[in-house]
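Consider the single chain below, provided in structure tokens and representing the form predicted alone.
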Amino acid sequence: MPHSGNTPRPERDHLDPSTLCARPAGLPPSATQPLVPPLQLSSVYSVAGLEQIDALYERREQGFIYARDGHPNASQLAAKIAALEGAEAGLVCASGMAAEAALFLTLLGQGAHVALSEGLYGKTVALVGRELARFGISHSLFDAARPESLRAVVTPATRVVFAETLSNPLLRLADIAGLAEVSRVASATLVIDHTFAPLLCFPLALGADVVAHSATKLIGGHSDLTLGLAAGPSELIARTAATASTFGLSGNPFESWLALRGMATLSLRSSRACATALKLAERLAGDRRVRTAHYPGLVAHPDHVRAAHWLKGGFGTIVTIDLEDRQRADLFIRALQHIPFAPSLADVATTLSHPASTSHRNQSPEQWARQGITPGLVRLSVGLEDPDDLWADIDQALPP
């Protein structure tokens, strides 16, 4: 029996259980590599010593230190979007708005001027018109389909020209090549938000300097992640990455991994949804219960000729309809049995949104009127269902 009444400790020929629990498991030896990118959730990385930490920070060695500054899943996704867009480098941010904010914060200083296209996503307008204005940054509006309207608003202080490939929600197609020419003369950086049209055209090849995406949408494709992407010249992307890290705008490993998985089926999903969107748009355009149908694939769309020339593989996955007023829009939304009101887009299932009460909610009636937004607009984000099944639900829900 022990002297003290305590159980005697065994000889220390192994680690204490508390130590075993606390220490990370080692990587198993393997002569093979995983077929798909593994998820790496670590927020920090082990460094050999001071010489190596210097080499990592000075870019003499490749590696990771802290996840806000970079991690393997973001690096893989950034390389993927850069290759897709034909860019030198890519960047992953916490959301589409985070990517835009990082670009604006990198490119702009006090007294700078931004040229914004009409019909942008409401938060983009708020970011520049309300938040950046507090720091002495001004802006003007132009029509992205008419480069001469950009020429009329650029000034010697214009540092950024910002437009969407397809505007939200009326789907006007930007004349990217024309905007690029005007931006180049003005020594301004042309940034194109390509969220609505990945794979349909390539803005950098048309003359844009930087392309941005909300990867939350088509690239992710399943409404289960929130990320933003940017792709462009390596020097600018490196500066923007430093800005994103400083302001805490970086994307996390898990959602980067999900976005990589989503990209694997992007081409198939985009092709299917574009084909269905065209069929629905044609039916809606010919229906007397619909005041107007907006879709670049329709001959009546103001940018149809340019869309037919520039867009390859479809005219996009979004169809917007005008049902005259808020009451009729609400009746339609409530009568749908299988298409939910979900204020985002590009899921595998079809959803809808009401721009006046969601994405453009905080804009004035004057801003709505200038952009052509009415209380009766409903934006359909077409998914992968059978077109006839979708039409059956829409048909029974449209108010007479």
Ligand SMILES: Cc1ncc(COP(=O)(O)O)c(C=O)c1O
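This is a predicted model, so every value here is computed, not measured. The first residue of the shown sequence is 1; numbering continues from there.
This protein has a second form, the form predicted in complex with the named molecule, left out of what is shown; the following refers to that one.
Colleague: In the predicted bound form, which of the listed residues (F315, F104, F202, F196) lies with a heavy atom within 4.5 Å of the named molecule?
Modeller: Only one listed residue qualifies here, and that residue is F196.
Colleague: Which residue, T216, T240, S117, T189, has a heavy atom that falls within 4.5 Å of the named molecule in the predicted bound form?
Modeller: Exactly one listed residue reaches within 4.5 Å, namely T216.
Colleague: How about Y121: is it within 4.5 Å of the named molecule in the predicted bound form, going by heavy atoms?
Modeller: Yes, Y121 is a contact residue.
Colleague: I'd like to know if D209 sits close to the named molecule in the predicted bound form, meaning any non-hydrogen atom pair within 4.5 angstroms.
Modeller: Answer no; every heavy atom of D209 is more than 4.5 Å from the named molecule in the predicted bound form.
Colleague: Can you tell me whether M97 touches the named molecule? I mean in the predicted bound form, with a 4.5 angstroms heavy atom cut-off.
Modeller: Within the cut-off, so yes.
Colleague: Can you tell me if E164 lies within 4.5 angstroms of the named molecule in the predicted bound form, counting non-hydrogen atoms only?
Modeller: Result yes; E164 sits at the interface with the named molecule in the predicted bound form.
Colleague: Would you point out which of 279 to 287, 216 to 224, 318 to 326, 129 to 137 contains residues with a non-hydrogen atom within 4.5 Å of the named molecule in the predicted bound form?
Modeller: Result for this chain: 216 to 224.
Colleague: For the stretch 299 to 318, which residues lie within 4.5 Å of the named molecule in the predicted bound form by non-hydrogen atom distance?
Modeller: Not one residue comes within 4.5 Å of the partner.
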